[in-house]
Ligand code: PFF
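Heads up, the chain below is alone and in the form predicted on its own; it's given as structure tokens.
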Amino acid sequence: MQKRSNFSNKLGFVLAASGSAVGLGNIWRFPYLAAQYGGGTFLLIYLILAVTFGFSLMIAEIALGRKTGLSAISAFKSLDKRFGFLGVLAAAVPIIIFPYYCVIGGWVIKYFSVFITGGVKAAAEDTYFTGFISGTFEPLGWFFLFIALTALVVVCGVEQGIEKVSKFMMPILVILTIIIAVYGLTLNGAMEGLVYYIKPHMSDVSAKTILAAMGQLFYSMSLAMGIMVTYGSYMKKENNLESSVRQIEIFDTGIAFLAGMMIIPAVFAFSGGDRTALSAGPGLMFITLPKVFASMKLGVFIGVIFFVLVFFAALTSAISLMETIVSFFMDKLHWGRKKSALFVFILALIMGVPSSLGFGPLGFISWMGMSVLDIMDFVSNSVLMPIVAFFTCIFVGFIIKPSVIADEVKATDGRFRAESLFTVMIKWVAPFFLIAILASSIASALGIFKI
């Protein structure tokens, strides 16, 4: 059996796990959801959920990985054979997400190349984005480049690849986010957007807002997709697990907050306070923001910085997705890292082609009005992830018992300060919310209930 790789120290683990959590969900999804659901109200609810619900699930997943020394596909089964199915479900999530995530990553590199070559005015045209993604060879080329860069890092291993890249990229990502956020606040009308973003209004609190914040939590913190279990398996026993999770949360939530501060005030200034400009989904990044940059002084420079930032965020998350899948094959088939990475690279290329061509040559393929990429996103994020998280709560709360996780957390210094909160959340509160998220996601897709 191959010796398990490890992160060299706690900082390496925290930055790598934070890199996984900080992705496209933080940079574009969090700001448009915050704008859509009351700004400061959404922000407050998200923060409360992050330090309770998100903390408990992340502790459980990382502790499971560290205790077993296995990736998600094997970790659950090693503790109770009846839950081997949960490892398979958890493995399916990154396998589905990784290919289409790399398609979007390719779009990010494309826009970076456009901005750095002075094409900001062209990128700001209404038809530019749809014209690009409806093509054939160009989107495939950028997709291939992004996935190749991801594979290159993963082949280098945990310490020499993932950890080194995370230690380099994550501090730069924070600095770039702060630079753009501060610059955006100097625009006329931006302060109105900032007030909307940070000031809660209790009249905006609703079930939809809570469910939207809960759904974003999954997307943002890399929960229920096997990543944190896998990264936990690389964590040394002497590293404090509870404080590491707190630091990951601070890093992840801080970037999401800064992303909102970076985008919402700037779009407010550009649109004259029209919030509908922020509710464009993926179009926010690829359609609305190029228009904002084109209207700014120093817009080309800010646009280049922005897409470097988004590229770093997308790449660190893609690395964690690929590493998680690679670890499945290494654990189950006992393949070496290079062989596993090459296989995953080829598999993801094949699986990603339909998502890349789904807006052009394969545009005729749709389900409930969704493109191939949207279908993959719905199945993984809205269906499988809540199911995996629900059964993880049942597994920890009632099968192996919360004390098993608590003992793993205490293995470093004998303390688990939030043990009571963890037990209540994992056994009673989280399962209820997860059923609500799953039901609302399916109802929303069917047009019964819209989030």
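Quick note: we count residues from 1 along the sequence shown, nothing fancier. Just so it is clear, the structure is predicted and the values come from calculations on it, not from any experiment.
Just so you know, the form predicted together with ligand PFF exists too; it's not on screen, but the next bit is about it.
Screening 359 to 367, 340 to 348, 318 to 326, 107 to 115 for residues having heavy atoms within 4.5 Å of ligand PFF in the predicted complex returns a single hit, 318 to 326.
Put simply, of Thr177, Ser220, Ser233, Ser166 only one has a heavy atom within 4.5 Å of ligand PFF in the predicted complex, and it is Ser220.
The contact residue chosen from Tyr101, Phe268, Phe307, Phe143 relative to ligand PFF in the predicted complex is Tyr101, the criterion being a non-hydrogen atom within 4.5 angstroms.
Ligand PFF is not shown here, and in the predicted complex it never comes within 4.5 Å of any heavy atom of Ala213.
Using a 4.5 angstroms threshold between heavy atoms, Leu24 counts as touching ligand PFF in the predicted complex. Of the heavy atoms in Ile248, none are within 4.5 Å of ligand PFF in the predicted complex. Looking at Met225, you'd find a heavy atom of it within 4.5 angstroms of ligand PFF in the predicted complex.
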